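So this first bit is one chain, no partners, the form predicted alone, shown in structure tokens.
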Amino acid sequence: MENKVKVSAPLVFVTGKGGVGKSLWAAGLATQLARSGKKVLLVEFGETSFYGFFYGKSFGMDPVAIENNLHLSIWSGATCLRDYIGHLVKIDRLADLFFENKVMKALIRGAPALKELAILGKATSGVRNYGPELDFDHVIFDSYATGHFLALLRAPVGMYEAIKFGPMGDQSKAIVKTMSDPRLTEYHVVSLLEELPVSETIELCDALKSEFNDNIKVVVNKSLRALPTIETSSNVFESSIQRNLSRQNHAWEHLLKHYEPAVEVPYYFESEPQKLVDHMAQHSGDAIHGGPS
């Protein structure tokens, strides 16, 4: 199929139902952009690093070089909040005192939206020219799975509705404005051609389109439809492939009624992490440059 992905925005959020390959797509997209000459930061949301297994390195808040033009870091709500407070007070010891305070610890534990706000505040700081600078052409976010991702995006909306004035209200409004601007932010939703992932993809895309912006790219992963003809002497294996292909075709038709996928990545019978990333980079590269998949 013809690719319809053009990475035009500096911020790209990658999401999808758990297990669909969103981390692979994020890594492949970041890798290809870096190899095309862009300076790219790949950011993983969470407490522990999935990419540590891929690259055999330890990652933290500070960007670590993976290859030329490509850096990777891992952000959690707590580390982003600590980074933000450190930027405001300018003195590390004062920031430490803030987090060591029992009242503040209780506030952070009792207000989970504060962590989501800190993550999005840092994610959008570069394009908003506020907070620590992110000196990259593109930042690719390997974000949370669909439900948690939508809660993440809605956190500053809820904060602004509750507090419209003062620094908190101003920051929340600015974050929402950034997430709603298709020139600054785009969303890649990765799905498998299965009933539940497709249904979640449609629901998420509908929510993103109505609440934020419509710069949305649907990426279909592990497609048997995109494979060349498989010749096998095993009737059992061939029958299994045909049954799965039939289910995928049904899911594809369901998806097409709502959103046309921008990229269809074939099923790769491969387990080596770097080779999988390279496969994703190839397909995202075709997408970036508008070539055939």
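Bear in mind that the values here come from a model prediction, so they are computed numbers and not experimental data. One rule holds for the numbers: they count along the sequence shown, beginning at 1.
Form predicted in complex with a small molecule: not shown, discussed below.
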Please pick out the stretch from 173-181, 114-122, 158-166, 216-224 that is in contact with the small molecule in the model of the complex, where contact means heavy atoms within 4.5 Å. 216-224
Can you work out which of L196, L134, A207, A78 has a heavy atom no more than 4.5 Å from the small molecule in the model of the complex? L196
Which listed residue (G52, P266, G60, G46) meets the criterion of a heavy atom within 4.5 Å of the small molecule in the model of the complex? P266
So in the model of the complex, does L24 come within 4.5 Å of the small molecule, heavy atom to heavy atom? yes
M280 near the small molecule in the model of the complex, any heavy atom under 4.5 Å? yes
Do V20 and the small molecule come within 4.5 Å of each other in the model of the complex, heavy atoms counted? yes
